[in-house]
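The chain that follows stands alone, in the form predicted alone, written as structure tokens.
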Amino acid sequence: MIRLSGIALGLLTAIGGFVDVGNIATASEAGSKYGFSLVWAIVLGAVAVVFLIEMVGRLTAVSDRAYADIVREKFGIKFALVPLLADMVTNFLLLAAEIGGAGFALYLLTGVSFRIWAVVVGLALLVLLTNARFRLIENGPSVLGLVTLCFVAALFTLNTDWTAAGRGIITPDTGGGGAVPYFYIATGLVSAVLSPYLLTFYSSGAHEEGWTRSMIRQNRIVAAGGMGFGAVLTIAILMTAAVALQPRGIEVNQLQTVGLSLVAAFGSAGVYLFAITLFVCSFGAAIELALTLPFEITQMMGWSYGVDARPVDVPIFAVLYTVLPIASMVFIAASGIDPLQLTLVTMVLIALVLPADVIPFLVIMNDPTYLQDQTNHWVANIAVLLITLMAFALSVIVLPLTFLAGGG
């Protein structure tokens, strides 16, 4: 029987990993600039992340250990520090962007500066993490995140030309704007989906819930269903922008412009739908990120951890999930950096460090010491490795060219 808690974990991971401020903005920018021609990047990332999530869930269920804990044991702490330090930088920046995105959603509803709301969001996040049990943290955003289906509904309200959409997907082009900005956005779409923090969060959540070998089948369903759900939503966001904005010559370069897609579909109600969607998805992603780094650090170092444990029993874990939201909140509120631009740059940086996370992970997934008879099939190894190396290669080429050209 499929446990509802596992489904909730999959949906929360999908909402935080797929549909967050970065993907909402990047998918909308892709659709408004290039129509349907960047759908392939979302599909490519989705294929890889389904494999990765299924793998890490299987690893946790069979070994009864969290992923980062196994990395330390398998490779040693000195090696483990390399991906950990990279993840610390990218996770911090992403958390700041998500807090800023949630603050921006409240700005759209109230007109009060997003920097002020970022402080409120950061404090609310802190209160939730220090008082709620993991089940509430898991289930709340999962249910609220269903509001993102408004983008799917918008496609039908806008009378989408599905034939044209199919042609655009099959025959992508750069729209005459050059290859560098096109592949910059493509890299952002792929790496946003493949964010390494998903591995740590999903594995830690499964370990918190006490997954066993009996959960392997459910894990496959959750991985495919949860990540597939996220992929469909992200594609819908891109296609909505392609239908509503590109024909009008409107390009998304600010978060508030994204909402015009829903305004075209639902009138003034679209503003509220977008603001609610942006808030729920950004806050859901912020929950994941605020917990992921404490999970990863404590597991890598062999320290005690647990969301439902008393702070006195997991002192370092408690300090980390208290300090991290505050630090990220202060950073985004004080700097006033546009959450969209911060996320775009961070996602391309993530592609640069992907091999350092994914290659050791694949090594572990082929080790019967941890997987017993559940080691990887060669197809999964090749698919994930190729997509990871492609994202890395794109970032190596595109990132310096983008900065030389003065931005994305």
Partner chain sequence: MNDHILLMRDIVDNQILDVRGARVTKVAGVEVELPAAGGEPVVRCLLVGPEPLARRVNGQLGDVARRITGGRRTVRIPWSDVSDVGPDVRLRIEARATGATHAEDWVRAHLARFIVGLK
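Since the structure is predicted, the reported quantities are computational estimates derived from the model, not experimental observations. Positions refer to the first chain, counted from 1.
Note that the form predicted in complex with its partner chain isn't included here; everything after this is about it.
Contact here is defined as any heavy atom lying within 4.5 Å of its partner chain in the predicted complex, and by that definition not a single one of Val353, Ile359 and Val396 is a contact residue. The partner is absent here, but in the predicted complex a heavy atom of Tyr305, alone among Tyr184, Trp117, Trp211, Tyr305, sits within 4.5 Å of its partner chain. Shown without its partner, this chain lists Thr322, Thr257, Thr90, Thr174 as candidates; in the predicted complex, only Thr322 has a non-hydrogen atom within 4.5 angstroms of its partner chain. Here the chain stands by itself, but in the predicted complex one stretch of 158-166, 123-131, 224-232, 268-276, 123-131, has heavy atoms within 4.5 Å of its partner chain.
At least one heavy atom of Arg65 is located within 4.5 Å of its partner chain in the predicted complex.
Using a 4.5 angstroms threshold between heavy atoms, Ala318 counts as touching its partner chain in the predicted complex. The closest non-hydrogen atom of Thr148 lies beyond 4.5 Å of its partner chain in the predicted complex.
With a 4.5 Å cutoff on heavy atoms, Met300 counts as touching its partner chain in the predicted complex. Applying a 4.5 Å heavy atom cutoff to its partner chain in the predicted complex picks out Arg65, Asp69, Arg72, Glu73, Gly76, Ile77, Lys78, Leu81 from 65-94, in order along the sequence.
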